[in-house]
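So this first bit is one chain, no partners, the form predicted alone, shown in structure tokens.
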């Protein structure tokens, strides 16, 4: 068994933050290279003329899923040592709605706003300031919303476990859905781009 590398002691714990910074920088470079520093490209998902955000992130998720699955089969990754973010249903729904509204209004998510800010975009600065104000308000109001925030706890649960299927079957179905979604998104783009705005 090889990974995860830091929890298993293959790489010392002291390197944890170094890898976090390097991976963060790589992620930011990837966002910029994909054109995600453009609010027009991101907002295109909501208007139906550009689904590159959906395609890139779906592809990244599937690549990571299949990579972990194959690494597990090969004995390179110990699934039991991977950190699974606990699921809180209520806060996930409320947070998703709030972020979705902000995403569609501003054209950025937190990561893409920092990416655009790094190359000097003024709209990203305004969005980032608004986001930081929102974080401050949430942290100050946390005692009021704490009960809602922690409600609907399911613990660290995988989607495949919730559906009662194996990880490999879930991965296969997700790939099939993704391929269908890619074709569907391309069809919508073609239809929308025929309309002259």
Partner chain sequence: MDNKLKSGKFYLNPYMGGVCLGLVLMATFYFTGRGLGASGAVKSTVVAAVNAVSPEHAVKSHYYGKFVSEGQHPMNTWLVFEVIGVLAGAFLSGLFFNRLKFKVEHSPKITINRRLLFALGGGLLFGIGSQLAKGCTSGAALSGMAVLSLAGFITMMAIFGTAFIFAWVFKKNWI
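Positions refer to the first chain, counted from 1. Just so it is clear, the structure is predicted and the values come from calculations on it, not from any experiment.
From this point on, the text means the form predicted together with its partner chain, which you will not see here.
- Residue contact check for residue 73: none of its heavy atoms lie within 4.5 Å of its partner chain in the predicted complex.
- Residue 173 falls outside the set of residues with a heavy atom inside 4.5 Å of its partner chain in the predicted complex.
- In the predicted complex, residue 188 stays away from its partner chain, with no heavy atom inside 4.5 Å.
- The closest non-hydrogen atom of residue 24 lies within 4.5 Å of its partner chain in the predicted complex.
- Along 152-187, a non-hydrogen atom within 4.5 Å of its partner chain in the predicted complex is carried by 154, 157, 158, 159, 160, 162, 167, 170, 174, 182, 186, in order along the sequence.
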